[in-house]
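In the form predicted alone, a lone chain appears below as structure tokens.
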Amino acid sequence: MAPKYGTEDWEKEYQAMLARRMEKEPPYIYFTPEWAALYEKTIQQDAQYKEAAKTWEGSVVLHVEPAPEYGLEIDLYIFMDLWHGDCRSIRLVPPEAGEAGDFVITGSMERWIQVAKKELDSIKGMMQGKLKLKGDLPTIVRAVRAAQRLVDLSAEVGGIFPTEATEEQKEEFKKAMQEVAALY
């Protein structure tokens, strides 16, 4: 049985899984734990984000709906602990932790990849209903510069989109998601 999320034991298990997965060199597949860790580090080191988000408070959760055709059999929750320009952590978390985030933005794999490729502005996507928001939209809109910088930084991290992955990469993505699900 997996340790309970939020405990020291859970974090230890997560970090052990992450260390194993990061033995492989980038580029990483988007939405994997190793990709999220690299994204976290990139945000933490970015002065533009720190300035744009200096008044931001609260967690943002990217909820990626299942996409079995790409190896994602579960609802994936990427929990971003953001506070006054700092990214304290990014973790792939169990559904109950993801749904408890201050702002939960839900979309299909394809929608999230459109955001990452800058084919869909995340704020407009929420206003148009292409991405669903649980949380206060006016608060998100006030933080548009910070939100845009997060998208820019995800592009800087780069990686392989699951929708464009080879069959071998899709199998690797599926394995990563099974490891994540084992921590639920």
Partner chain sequence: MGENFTRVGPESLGIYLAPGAEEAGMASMMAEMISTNLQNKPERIKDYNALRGTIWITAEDAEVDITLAFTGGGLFVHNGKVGNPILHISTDSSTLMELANITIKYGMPYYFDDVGKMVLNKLKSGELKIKGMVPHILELTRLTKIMSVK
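Positions refer to the first chain, counted from 1. Please read these numbers as outputs of a predicted model, since none were measured by experiment.
What follows is about the form predicted together with its partner chain, which we do not show.
Its partner chain in the predicted complex is approached by Q148, whose closest heavy atom lies within 4.5 angstroms of it. Taking non-hydrogen atoms only, R142 approaches its partner chain to within 4.5 angstroms in the predicted complex.
Looking at Q128, you'd find a heavy atom of it within 4.5 angstroms of its partner chain in the predicted complex. Contact between A155 and its partner chain in the predicted complex is not found at the 4.5 Å heavy atom cutoff. Of the candidate stretches 61 to 69, 134 to 142, 44 to 52, 155 to 163, only 134 to 142 contains residues with a heavy atom within 4.5 Å of its partner chain in the predicted complex. Here is the short version: of I123, A37, A116, I29, the single residue with a heavy atom within 4.5 Å of its partner chain in the predicted complex is I123.
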